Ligand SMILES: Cc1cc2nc3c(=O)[nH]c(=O)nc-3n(C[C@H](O)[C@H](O)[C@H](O)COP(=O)(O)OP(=O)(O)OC[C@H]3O[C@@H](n4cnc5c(N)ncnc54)[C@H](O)[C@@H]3O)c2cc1C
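Next comes just one chain, in structure tokens: the form predicted alone.
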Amino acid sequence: MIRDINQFEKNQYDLLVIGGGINGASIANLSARAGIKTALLEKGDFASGTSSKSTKLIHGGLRYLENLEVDLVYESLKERKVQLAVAPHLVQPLEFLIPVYQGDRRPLWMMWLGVFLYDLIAGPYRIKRHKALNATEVLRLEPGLQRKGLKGGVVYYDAQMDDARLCLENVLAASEAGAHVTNYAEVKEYLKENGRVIGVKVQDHIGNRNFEVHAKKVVVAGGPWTHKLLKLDDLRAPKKVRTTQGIHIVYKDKLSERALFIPSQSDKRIFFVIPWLGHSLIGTTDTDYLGDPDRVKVSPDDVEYLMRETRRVFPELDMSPRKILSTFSGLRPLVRKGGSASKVSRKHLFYETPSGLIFVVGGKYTTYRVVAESCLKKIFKRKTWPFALCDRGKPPGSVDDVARSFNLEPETVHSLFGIYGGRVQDVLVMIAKEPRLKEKVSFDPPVIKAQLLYAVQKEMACTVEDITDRRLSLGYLGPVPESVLAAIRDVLPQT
């Protein structure tokens, strides 16, 4: 996947997709696979917004049952099965435990009933059957939990993902199917003819130049930037998106081998403590955000909320700030409605402007394929839309076999398999041609030079942050060592 701006000016596209988050990436993927001449533009890096700042879950949404959104839960559980099949290296089953305490807003019977219905709705898409637990059984699984007031709990199953790389997989798949894609290309103006949008004027932030892209149809999957892109078309356009903020803490040390679904006692929200990258991901919050989506920050109050609630259920845990490796904040672009932020539906809809633009509004990460398919059906009236990600199949052999063949440490090969899946063959080809690329630049987690070069040459990484935060997730584990940053700068193109 080579970054080539010139190709955009030489072509007339059937479909232009604006926005390289998960919805835009999947729309481009499905469109290109159907033989439609497709272009994809992203103003930053792919997945640099909401799509790399989620809770890293592919799930049905157990709490949506409280809103009686059975159709959304069923659709999500069905899509969970799809993602487990098409990207098994990035989407994997995960066990969840819900501890329930005296005084919780959701009593034990309600949790048991909710998880029973969750599995019932899943039907053939269920991962594994849930199990009701008494207090003793909960503590046997998690002895560090608060014992006082513990009534019991329940175990159920969902899935965990690498959100940034799952989005990138869709971009790569779109490119391999013939789509022209690029990052760091910001739409500045719509081109119109007789009041209808026929293309866009774009600023290339890497090459520092302007160019035009022409297309018969334009879809905007702008997420939190939806209103900005609406106003480019019509300054008086009403807001269509309600933006809510979710923050996360990456806590040093793995608190559990399973995820914990924890109902807050201070309000009606829930949050998760999830094993991630050898440590623990704690989140998320759900509050309205009215500021500039380019300037979203983590609030100290939200960090304290998550710390306080986690400390409540892990009373012996050292929840001091020094144990926080990093924090990050994402914005959910929900369908604009009133009421509590946490109660706003995660369903999606499409809005077509008088000028012919189609805006994707709302949705949740798990149902991205459904969003893409629904969008394309609306435009092109076809019934079926082929979907696939990496076509290279499985890695070439076991971890031990590859480690021996390429003289790599097994832990390095295991990490490569988890990041690239079948695409690991491309990295191994680079190593075979240049053995020096086997050299490690990071030991925990293990990263070799080939990965840095691969990110630039094959995954369109343009900046240090593209690699540290989205290609390899190093930035979430605290300050990246200067030696690693220097190695990254050595492979980046000089501008």
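In this text the structure is predicted, and so the values were computed from the model without any measurement. Just count from 1 along the sequence shown to find any residue number.
Keep in mind that the form predicted in complex with the ligand is missing from the display, and what follows is about it.
- You can rule out all but one of 380-388, 393-401, 362-370, 138-146: in the predicted complex, only 362-370 has residues with a heavy atom within 4.5 Å of the ligand.
- 333 is the sole member of 421, 99, 199, 333 with a non-hydrogen atom lying within 4.5 angstroms of the ligand in the predicted complex.
- Though the ligand is absent from this view, in the predicted complex it lies within 4.5 Å of a heavy atom of just one residue from 77, 282, 187, 172, which is 187.
- Taking non-hydrogen atoms only, residue 442 never approaches the ligand to within 4.5 angstroms in the predicted complex.
- Though the partner is left out of this view, residue 466 does not reach within 4.5 Å of the ligand in the predicted complex, counting heavy atoms only.
- Proximity of residue 36 to the ligand in the predicted complex falls outside the 4.5 Å heavy atom cutoff.
- Within this chain, residue 153 is remote from the site of the ligand in the predicted complex, having no heavy atom within 4.5 Å.
- Contacts with the ligand in the predicted complex, taken as any heavy atom within 4.5 Å, map within 5-35 to 18, 19, 20, 21, 22, 23, 24.
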